[in-house]
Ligand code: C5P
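Before any questions on how it binds or moves, here is one chain, the form predicted on its own, in structure tokens.
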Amino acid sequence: MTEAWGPDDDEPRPHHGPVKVRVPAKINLHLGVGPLRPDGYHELNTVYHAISLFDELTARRGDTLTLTMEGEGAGELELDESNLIIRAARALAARGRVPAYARLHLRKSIPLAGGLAGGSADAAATLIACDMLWGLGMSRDELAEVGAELGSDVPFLLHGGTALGTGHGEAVSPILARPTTWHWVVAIADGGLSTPAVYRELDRLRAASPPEPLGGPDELMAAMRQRDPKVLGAALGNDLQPAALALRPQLADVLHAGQEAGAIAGLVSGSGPTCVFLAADANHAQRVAAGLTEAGVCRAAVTARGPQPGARVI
């Protein structure tokens, strides 16, 4: 991260701004959900993957804390104290012992409540932008500590790439593999799905009928190392998919349409309702996206590449 340094060159100083940060969406290539823990969370084993669908957050100096936005969800997303951006700014200010003063503007492309961690992405962008604006000079790991209190996906979106998430997803370990670009099609749904509702439905389904066990993340990571889209496609899995399909049965039509359009594999992203499809290359991804669009089963179908770096100043 670029720092603005003071005259003695050993302390970061506030940046006069504006600071613009770009942050990717995430998908889960593997999402294994354990039983409900006493603290109300489920134990997770997941493989996160950052893709080229981005939000941008701009931070400017201010004498109070304000948030404005444009793009996806404008008019729907609350911009008050419940917003993860405001919560992230306040949490960072408390950690850095500075006033939470900034004028923040979000340019949003990641759908709301879509299983792509858009809110967590925006929180990660806020931590990077305000750290620089306020001259705090925190490391990514320090920012991740703040982020873990805000949401399980925030630490990953500070780092990006492809990573193993454990605990309730907040403990992130990068996966070291030879650089490979994977091509995806993201089928964006109308409306969102509540993540807590999907987890409750999963618990209900499991109480009624024990699930078939999902393979572990090791199988997924071994598939990635082979750099073959067909091998990776066979290893993709999401324990939340049956619950998302139960709450939104039409997602089965989306998955079927992607298969009919020639995708190597498809799955519900995280808690849904976004579905993602693996393609062999960029041209294949364009054909799959066109097939999904023609089928009329989703609001939009966009191509994306991964992995991408996490929140970065641009």
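Start at 1 and count along the sequence shown; that's the residue number. The model shown is predicted, which means the values in this text are computed figures rather than measured ones.
Omitted from view is the form predicted together with the ligand, to which the following refers.
Between the options Arg95, His168, Lys108, His105, the residue in contact with the ligand in the predicted bound form by a heavy atom within 4.5 angstroms is His168. Checked against the ligand in the predicted bound form, the candidates Pro174, Pro196, Pro99, Gly191 yield a single residue with a heavy atom inside 4.5 Å, and that residue is Pro196.
In the predicted bound form, the ligand sits beyond 4.5 Å of every heavy atom of Thr162. Using a 4.5 angstroms threshold between heavy atoms, Ser152 counts as touching the ligand in the predicted bound form.
When contacts are judged by a 4.5 Å heavy atom cut-off, Leu44 counts as touching the ligand in the predicted bound form. The ligand is not shown here, but in the predicted bound form it comes within 4.5 Å of a heavy atom of Gly40. Here the chain stands alone, but in the predicted bound form its contact with the ligand, taken as any heavy atom within 4.5 Å, falls in 144 to 152 among 144 to 152, 123 to 131, 213 to 221, 70 to 78.
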